[in-house]
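Take a look at this single chain in structure tokens; it is the form predicted on its own.
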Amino acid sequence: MRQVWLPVKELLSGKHEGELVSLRGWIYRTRSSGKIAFTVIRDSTGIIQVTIVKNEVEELESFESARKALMESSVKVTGILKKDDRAPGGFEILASIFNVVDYADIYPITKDQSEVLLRDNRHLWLRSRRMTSILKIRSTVTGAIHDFFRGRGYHEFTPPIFQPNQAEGGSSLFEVKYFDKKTYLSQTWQLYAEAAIFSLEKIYDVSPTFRAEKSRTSRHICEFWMAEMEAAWMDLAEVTEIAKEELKFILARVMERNTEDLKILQRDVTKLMPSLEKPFPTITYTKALEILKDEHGMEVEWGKDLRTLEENKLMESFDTPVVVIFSCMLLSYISVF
């Protein structure tokens, strides 16, 4: 009979309490004392405590293996699932078999979590609960974008990554040698999308984007994934409503699937609730300047871009995202997240 390996999330649900269960994962934390070893095992769904008592495992090697295995060692465990309010998640496995698949070296990431150290060990830092939660939320967001547009009759239209001309600004192009010619990494799909709407009418894309911008801010990064949409016969009011609906759709999906991840990231989900329950306002650029002046004492010359400073202040007057429009074009979309 094929062995059934259960994910941590299912074990923590409690429906297998008192049963013999099996788990595969990696050691998240470990300590031992005398004839008892305690390990916390992680997989992609969560963490659970495993207790290994010397005289209660089938083989002595199981206990010695548990004592010797360091963080991130890969293991297979079989034992009885028991309720224990002191354990992470309220349950633990009392092990009868503890098999170390591979012993890990000393884990280099400890209390020192400086930016330099984490970047040098990014392949290991990905295993942290924080990074795992971020990646899960990102996956949910990407999937929600696809579901949102496809559910509204949009066609996915993907542009080439190598493009022969610019669409944003020449100074932010990454030049690439293309055999005996030169080309550029994509800044946007815009020029291709404008051609495609005369065929497909409603299109969207989620693809990598490259900008050779030397500024080191969250708004100026050299590589990122961008979601774009284009549609024939659509005016500014319709575009802004699509943007609002898309954000609400994505947020609802994240709240549905990633509440535990938001807790791990210590995000205050109560701040997100108004965005699910209330409509997002649309205001003019002129109105935005009035709010900044009247409510926050900030004088901004008409025609200047709203910087992060002004946008953050503007958002203090709202508890949901707000669309700011300038003349006949969408100026910015400001989020409270």
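Since this is a predicted model, take the numbers as computed values, not measurements. Residue numbers here begin at 1 and follow the sequence given.
Form predicted in complex with another copy of the chain: not shown, discussed below.
- Interface membership of residue 97, defined by any non-hydrogen atom within 4.5 Å of another copy of the chain in the predicted bound form, is ruled out.
- Although the partner is absent from this view, residue 143 contacts another copy of the chain in the predicted bound form, with a non-hydrogen atom inside 4.5 angstroms.
- Within 4.5 Å of any heavy atom of another copy of the chain in the predicted bound form lies no heavy atom of residue 240.
- In the predicted bound form, none of the heavy atoms of residue 28 sits within 4.5 Å of a heavy atom of another copy of the chain.
- Judged by heavy atoms within 4.5 Å of another copy of the chain in the predicted bound form, the contact stretch among the candidates 263-271, 244-252, 119-127, 89-97 is 119-127.
- For the three residues 283, 290 and 322, a heavy atom within 4.5 Å of another copy of the chain turns up in the predicted bound form in no case.
- Proximity to another copy of the chain in the predicted bound form, defined as a heavy atom within 4.5 Å, singles out one entry of 104, 197, 109, 80, which is 197.
- Contacts to another copy of the chain in the predicted bound form (heavy atom within 4.5 Å) from stretch 215-253: 216, 222, 223, 225, 232, 233, 238.
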